[in-house]
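Below you'll find only one chain, the form predicted on its own, shown as structure tokens.
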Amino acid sequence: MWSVGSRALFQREILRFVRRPKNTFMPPAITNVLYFAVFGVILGGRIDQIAGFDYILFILPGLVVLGTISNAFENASFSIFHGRWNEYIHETLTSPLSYAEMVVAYVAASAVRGIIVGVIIAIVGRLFVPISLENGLYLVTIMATISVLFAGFGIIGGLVARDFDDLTVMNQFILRPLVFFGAVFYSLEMLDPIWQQVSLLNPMVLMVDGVRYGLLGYSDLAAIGPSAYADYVPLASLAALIGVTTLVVLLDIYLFKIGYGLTD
């Protein structure tokens, strides 16, 4: 699944966004400087600690998730759609690569972009507040998982989209609102029990909570659930995300196999 051809496709996709840092890396860095300055420093100075953490530190994991999944999704969806729009994706389809190799290359490159942006956001956050890495292995695993997951969703978005406006709608009006309501700027403990249960319907809660657990060692989901199962909540969340990610990547391979959206 990782042949010379898939490595070449992976390298091409990496070079596509690495060569344009002003379009790929600078915008999220500048945007998050504003987030930390406004929400963290100005607003955070008027807010008491949340779950024992300074407000600016508490919101950091959510902003990392937002940047990571948005860029992983955007990279995959734009690459697939742009290839369809300009018809150069046909060259990839007629290559000796298997469909699995094609999908793995696109997904891996997009996941790399998502992780790089997530690291950039964490570095920006470090300029405003000290960061301690509590569960490093867990953090690396869940970051890789959510990056691959939304790279996989990005491929689906790139196949479904009929114009560039569709890509903007998916990213700006679906992904971002879900993240903002995924306990980025607040703790689930602050909500009434009924709204805590409603929040659990938002899958972004698992991702934000997982990254927060990896960075800070604190889990909202464990705090609002039965104490007897608190230690298992982060692992259960990670297992669920890995399962969904596997299904999404398999769906990508199937869509490539049947040529959905690739040939008009």
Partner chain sequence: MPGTTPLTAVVATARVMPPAIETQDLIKEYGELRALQGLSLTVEEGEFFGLLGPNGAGKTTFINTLVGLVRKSGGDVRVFGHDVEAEYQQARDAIGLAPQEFNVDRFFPIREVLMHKAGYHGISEDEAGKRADEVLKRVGIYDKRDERFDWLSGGMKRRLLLARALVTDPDLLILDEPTAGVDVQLRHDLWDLVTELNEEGTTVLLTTHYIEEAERLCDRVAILNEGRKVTVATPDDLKKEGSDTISVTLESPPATPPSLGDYAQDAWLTGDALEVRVDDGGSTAPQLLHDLEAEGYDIVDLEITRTSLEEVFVDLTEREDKSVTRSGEGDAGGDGSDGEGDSPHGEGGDDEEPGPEREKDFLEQDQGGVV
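Residue numbers count along the first chain shown, from 1. Since we're looking at a predicted model, the values are computed, not measured.
Just so you know, the form predicted together with the partner chain exists too; it's not on screen, but the next bit is about it.
Of P193, P130, G136, P96, the one that lies within 4.5 Å of the partner chain in the predicted bound form (heavy atoms):
For this set of options, the contacting one is P96.
Thinking of the partner chain in the predicted bound form, which stretch from 197-205, 213-221, 30-38, 53-61 has heavy atoms inside 4.5 Å of it?
Stretch 30-38 is the one.
Check, residue by residue, if G67, F164 and I258 all come within 4.5 Å of the partner chain in the predicted bound form, counting heavy atoms only.
Judged in the predicted bound form, G67, F164 and I258 all sit within 4.5 Å of the partner chain.
Though only this chain appears here, would Y88 touch the partner chain in the predicted bound form if you measure heavy atom gaps against 4.5 Å?
Yes, Y88 lies within 4.5 Å of the partner chain in the predicted bound form.
F78: touches the partner chain in the predicted bound form, heavy atom cutoff 4.5 angstroms:
Yes - in the predicted bound form, heavy atoms of F78 and the partner chain come within 4.5 Å of each other.
Mark T92 yes when one of its heavy atoms lies within 4.5 Å of a heavy atom of the partner chain in the predicted bound form, and no otherwise.
Taking the distances in the predicted bound form, the answer for T92 is yes, it comes within 4.5 Å of the partner chain.
Just checking whether V117 would be counted as a contact of the partner chain in the predicted bound form - the rule being heavy atoms within 4.5 angstroms.
Result yes; V117 sits at the interface with the partner chain in the predicted bound form.
Do any residues of 15-35 have a non-hydrogen atom within 4.5 angstroms of the partner chain in the predicted bound form? If so, which ones, in sequence order?
Those in contact are L15, R16, R19, R20, N23, T24, P27, P28, T31, N32, Y35.
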